[in-house]
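One chain is shown next in structure tokens, namely the form predicted on its own.
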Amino acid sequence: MVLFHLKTFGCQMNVYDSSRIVGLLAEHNMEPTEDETNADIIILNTCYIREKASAKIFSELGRLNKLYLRLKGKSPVFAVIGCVAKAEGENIFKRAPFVSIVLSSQKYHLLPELLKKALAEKEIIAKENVDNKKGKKTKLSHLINTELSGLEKFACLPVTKNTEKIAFVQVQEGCDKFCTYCVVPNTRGREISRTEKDVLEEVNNLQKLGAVEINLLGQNVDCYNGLDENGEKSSLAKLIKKIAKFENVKRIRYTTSYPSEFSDEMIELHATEPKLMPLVYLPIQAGSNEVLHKMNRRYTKEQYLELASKLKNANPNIQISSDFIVGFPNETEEDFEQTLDIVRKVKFIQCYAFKYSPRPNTVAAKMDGQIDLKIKSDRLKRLQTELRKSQDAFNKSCIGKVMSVLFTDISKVDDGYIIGKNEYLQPVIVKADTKLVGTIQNIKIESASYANLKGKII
């Protein structure tokens, strides 16, 4: 049996890709191992969104290579896949010549055959190098495929054979928005959607295997327009309505939304479909219209606030989470104050906030007016303080309420306690029989902190 060690970096989309890769390689007698020192294959599934993403990958490759050099005799096949693979391409081989395979996210269905070829070549080279009396080493050839393509990878993936209670399903990939700070169109390609039939078959299989919560994934999930059974374009709302008909599916979530693509059909669905969770992840990035324009975000602050209001009017239980970037080129103090203003108005319950970092081959990286790191750090700290106020206030408002919690883990800290997530993805801790892990229970919240809620089963 060939052993592989798979390390995943970045977003939930990469986590999903890695789960499918594990199943794909299992079909070819390749088994995952947590022990990186005992692996025949090392796979890094990479992300290119955050600052110094490439540097992190090259650093990890260097660490692993040194580890195997110390072991003397163990020489695994190295594969770099995902967004850094697409962005860096041949440069990976130049900086890390021991890497055998570089493969984009759209091509990972080719991984088994490429790995088999690389493993066979390793054996031949090892023998040649032992037999070579002149001491001249035979070099490894490089296998690369980073061209973007369509949906054929999904047709090549095997049916999932096991799942957790919370399952993820990719329905859409790529992005046509071309935000000036973002590399996704270059690393994940243009927008494509899987057919309804393809998605529904995967969901049906997952719910039969025991999944009770389905998370639909897409770079711009609102843009889902896969063909239905009649060959006509569907929509995210229509797809969710069909998924909700599966009896074992109790919860449905989706991410990531794009504000100007969020449809009235989806707003109405949040008012009528009880299986659709009331947490809407709606990245805004900045509160200043001037900054949004420079980011090429295709909405205004006013339009965003109107959408938030429509959602909460449709369903008073809805809460909103978001993303923010501070210190975008030419962002003024007044621009930043508008970001703080929208935080106070919307009262986000969970958010990700980052300092702007230039990404290679993006428009924003070449803009004048790059902000000093000290200013960016100060603004991030102030923003996080404001966001924490909103999250703390919401957490405390949950005390005394009854919330639905899907329990997924046993507490590693408190004996006799189990942990789950409520409708809003807040961690909830309850003293209860561990047999309840995997079930959904109604919990009365008794206390709240910034990190979690605690309660009892009713």
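Everything numeric in this text was worked out from a predicted model, so none of it was measured. Residues carry their position along the shown sequence, with the first being 1.
Same protein, other form: the form predicted together with a small molecule, not shown, and the subject of what follows.
Shown alone here, Pro283 lies within 4.5 Å of the small molecule in the model of the complex, counting heavy atoms only.
Within this chain, Phe78 is remote from the site of the small molecule in the model of the complex, having no heavy atom within 4.5 Å. Residue contact with the small molecule in the model of the complex: Cys182 places a heavy atom within 4.5 Å of it. Interface residue remark: His270 is not counted as part of the site for the small molecule in the model of the complex, having no heavy atom within 4.5 Å.
Gln219 is the sole member of Gln219, Gln338, Ser234, Ser104 with a non-hydrogen atom lying within 4.5 angstroms of the small molecule in the model of the complex. This chain is drawn without the small molecule; in the model of the complex, the residue among Phe98, Phe354, Phe246, Phe154 with a heavy atom within 4.5 Å of it is Phe354. Note that among 379 to 387, 270 to 278, 322 to 330, 305 to 313, the stretch whose heavy atoms approach the small molecule to within 4.5 Å in the model of the complex is 322 to 330.
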